[in-house]
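Coming up is one lone chain in structure tokens, specifically the form predicted on its own.
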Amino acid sequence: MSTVTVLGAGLTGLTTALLLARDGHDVTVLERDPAPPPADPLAWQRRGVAQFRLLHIMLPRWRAVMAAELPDVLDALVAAGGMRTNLLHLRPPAATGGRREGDERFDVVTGRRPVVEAAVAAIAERAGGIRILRGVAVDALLADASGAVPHVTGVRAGGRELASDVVVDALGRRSPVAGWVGALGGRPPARERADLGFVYYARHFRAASGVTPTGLDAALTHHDSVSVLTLPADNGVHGVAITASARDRELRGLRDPACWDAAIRLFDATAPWLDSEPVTGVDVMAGIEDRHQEYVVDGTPVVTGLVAVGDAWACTNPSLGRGASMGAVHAQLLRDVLAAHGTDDADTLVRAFADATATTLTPYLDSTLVFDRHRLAEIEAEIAGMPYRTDDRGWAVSTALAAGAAVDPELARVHTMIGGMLATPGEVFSDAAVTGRVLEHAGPPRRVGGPTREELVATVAGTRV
């Protein structure tokens, strides 16, 4: 088997390390942040993870991967207070038609990011075949430049050189590794990046009863010029967020807790989530990028001995909650590609991993990017008081599905299949019967259960300090 160096001890890095170690590889994980998880994960300082304190949800796809591959991670998360719930049945019974056979596929085990990451870290720390070195900052790649393209042979960290058969970039959204590849003298990787344009105003609450609300509405709902997230977490805690355009100056007062509270109570299904004790102020996250990079360009690797997984490969809109699930699936793909091809033929390994990624994960990436761009454009149109118009039939179908999911139990399940990352839109809409049923709900988006733009702006202005 191979020696593997994983850069980053976040969720995806540790998941990758666990899957590879259990497949017989010798894995070293290098993490810049010095502190391991403390007894209280919420006291953990992770300056390398920008979204560490913001809302998270572990989707049904993540639970399915963990159940199949790392069930001890789920056990550790539940022991730490992680919540078992069902993504579909966050909706009201009138929308779901009640529980049915097969709805267990929408089960989730979820929690706040520090709690989830601490649970994964606890399993990784005592796993055989893994060495986790914290407080180690990698600053360069080592490479053999004698071939057609640079071949990565390890990394340099703190004056030390660590040799490796494969280096795995799991450094997340802010990964500098693509820049290090450019410094090796070969062709640069293909890179796309753009400011996503959203801002998140989020708070966490602890329910007095210890029971998080369910049966009220979908986890993500869209309203006039904003979207709202309501997410279960752990230990009786849940999170609520308002997502707006980063250019929307009239809503910047949402940074103030009193203003945020007054605004969120305008949303009918969200107000009950606030009948709890707030445990945070308003956490704000903006400047989020859509980012995607590929180390195989026009069918040819620009570097070998290096792969990127999870957010280091591609990162998008956090409100869809797909990051952890995509990272876990990516870890599975890498494990399987290494098992099939080994590391002797470095060119074949990189190509095979790129092909597996393109087949399995790129459709989810593409659909997320389409959603991001349309939803932001729709928000900007609503701010301007205009209907959003596009020639993209896919967005019309997506809007129709969201409307149908609110009233048709079958479409609620279809919608949750996509939202839970259990199927891509392309897979779902390849069924003509499903598409026909969805198109019965086509038309302008119906904004119900929330304020008008004017009411929201007036409330923010009226309570802003």
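Since we're looking at a predicted model, the values are computed, not measured. For every residue, the number given is its place in the sequence shown, counted from 1.
There is another form of this protein, the form predicted together with a small molecule, and it is not shown here; the text below is about that form.
A.B. asks: In the predicted bound form, do Val108, Ala127 and Arg335 all reach within 4.5 Å of the small molecule through at least one heavy atom apiece?
C.D. replies: No: no residue has a heavy atom within 4.5 Å of the partner.
A.B. asks: Heavy atoms, 4.5 Å, the small molecule in the predicted bound form: which of 25-33, 429-437, 396-404, 409-417 makes the cut? Say which one.
C.D. replies: Heavy-atom contact with the partner occurs in 25-33.
A.B. asks: Just to confirm, with a 4.5 Å cut-off on non-hydrogen atoms, which of Gly154, Pro213, Pro114, Gly321 contacts the small molecule in the predicted bound form?
C.D. replies: Going through each option in turn, the one that passes is Gly321.
A.B. asks: So the small molecule isn't shown here. In the predicted bound form, which residue out of Ser276, Thr230, Ser325, Thr96 has a non-hydrogen atom within 4.5 Å of it?
C.D. replies: Exactly one listed residue reaches within 4.5 Å, namely Ser325.
A.B. asks: May I ask you to state whether Ala263 is within 4.5 Å of the small molecule in the predicted bound form, using heavy atom distances?
C.D. replies: No - in the predicted bound form, heavy atoms of Ala263 and the small molecule never come within 4.5 Å of each other.
A.B. asks: Does the small molecule get within 4.5 angstroms of any non-hydrogen atom of Ala208 in the predicted bound form?
C.D. replies: Close contact is absent here: in the predicted bound form, Ala208 is far from the small molecule, nothing within 4.5 Å, heavy atoms only.
A.B. asks: Is it the case that Leu70, even though its partner is missing from this view, gets within 4.5 Å of the small molecule in the predicted bound form, heavy atoms only?
C.D. replies: Outside the cut-off, so no.
A.B. asks: Given that the partner is absent here, does Tyr295 sit within 4.5 Å of the small molecule in the predicted bound form, heavy atoms only?
C.D. replies: It does not: once the small molecule is placed as it appears in the predicted bound form, Tyr295 has no heavy atom within 4.5 Å of it.
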